[in-house]
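Shown here is one chain on its own, the form predicted alone, set out as structure tokens.
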Amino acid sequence: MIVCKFGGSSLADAGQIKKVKAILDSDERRTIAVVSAPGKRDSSDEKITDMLYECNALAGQNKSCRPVFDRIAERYLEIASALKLDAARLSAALDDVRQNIDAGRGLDYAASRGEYLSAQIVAAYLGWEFVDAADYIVINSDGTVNPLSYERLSARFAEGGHYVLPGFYGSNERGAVKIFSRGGSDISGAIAACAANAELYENWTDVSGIYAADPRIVKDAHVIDKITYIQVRELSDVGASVFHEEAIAPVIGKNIPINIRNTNRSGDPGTMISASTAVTGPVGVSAKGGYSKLKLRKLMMFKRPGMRHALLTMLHLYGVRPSFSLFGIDSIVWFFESRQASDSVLDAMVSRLKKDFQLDDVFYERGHAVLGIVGGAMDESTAFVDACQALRSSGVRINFVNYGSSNSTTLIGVRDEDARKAVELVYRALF
């Protein structure tokens, strides 16, 4: 059995949905389809999910969402008409959704309706059974998947039919609709693959796999043939955005491989993600900007028991949660997402840190980015040497190098303004 997840670009209009049907019909093992909401048809178009967020915002202001929702309804009805589906039934479903949004069902309900309506259309077009994710997938308060989800879906899939499941949402412990983070349909697909004990999880999108570098930066970047679960997570952590990193968790325990494929080029093999590969050395490079640096120094800092924990607790009180850490004999450097705190909040935090912990020095600095080189046996590779030489020779300042703490990733700190240039330089040096 193969579980297929189709992203928004794969469902943007009737023509794309016809491609989805051709893909599913081409292999009888493809019996479960997980679908996203329709994405953009072109660069000037709007995503259905974005419009649904706007609808919820209007409802929160005690205004009718009809002006925006009418555009959503028009889009769905246009797709249904082109696919020769029952418009009256879809219109009734659209009216029900609009009324519920206006009645204040909340953000999670509104945002999830894009996938809900998309799945209704795809199921009707394929002649497959619609399975509402809210009846089967339980999302805990912390956003993790409740194990009950797998039991429920497994029992449903064991009936042996062909199913269409909307992605991105489930329900909370009380039965109310709850969504994953944006891009969460990847997680839904992985949950379905695990529940079905699938031999393969295919993730269909608008690119032919995971690129070794962002093709918007490196136009001739190649597609990675094979990559591991861990490498995908670490590449995502430094900015790569083809696949939701949390979608690894449901499949890794059963060692279900994931194949990233292109709906518009279905013959391309794409990228295969699995537990291990024979590839050593770098496989991809990416960078993520928008970080700030916090540096703290105190003589004999680590002689005080619990110092690091106490400092982190203070940071958390100000909404700062570091993503990367560096340690010296008497110092700590933390990098955190700049959007977590304003200058005024950070000024107050720095003042309190210095006073409460009697620090010798503490300051923050904006404008940082983190570049990651991901691959196999990176803790034994000298790729970082070539990368650093390429950066230095082109005048890119290196703020730090983290080598050896992970066997799959080497991190290099650069200035935010140099991040795109750094990705291209490192790609050219390594590949």
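One-based numbering along the sequence shown. Predicted model only: the values in this text are computed from it and were never measured.
What follows is about the form predicted in complex with a small molecule, which we do not show.
Contact with the small molecule in the model of the complex, judged by any heavy atom within 4.5 Å, is made by just one of Tyr201, Trp204, Phe168, Phe336: Phe168.
Taking Pro257, Gly290, Gly183, Pro322 one by one, only a single residue has any non-hydrogen atom within 4.5 Å of the small molecule in the model of the complex, and it is Gly183. This chain is displayed without the small molecule, yet in the model of the complex the stretch 46-54 from 384-392, 26-34, 46-54, 365-373 comes within 4.5 Å of it by heavy atoms.
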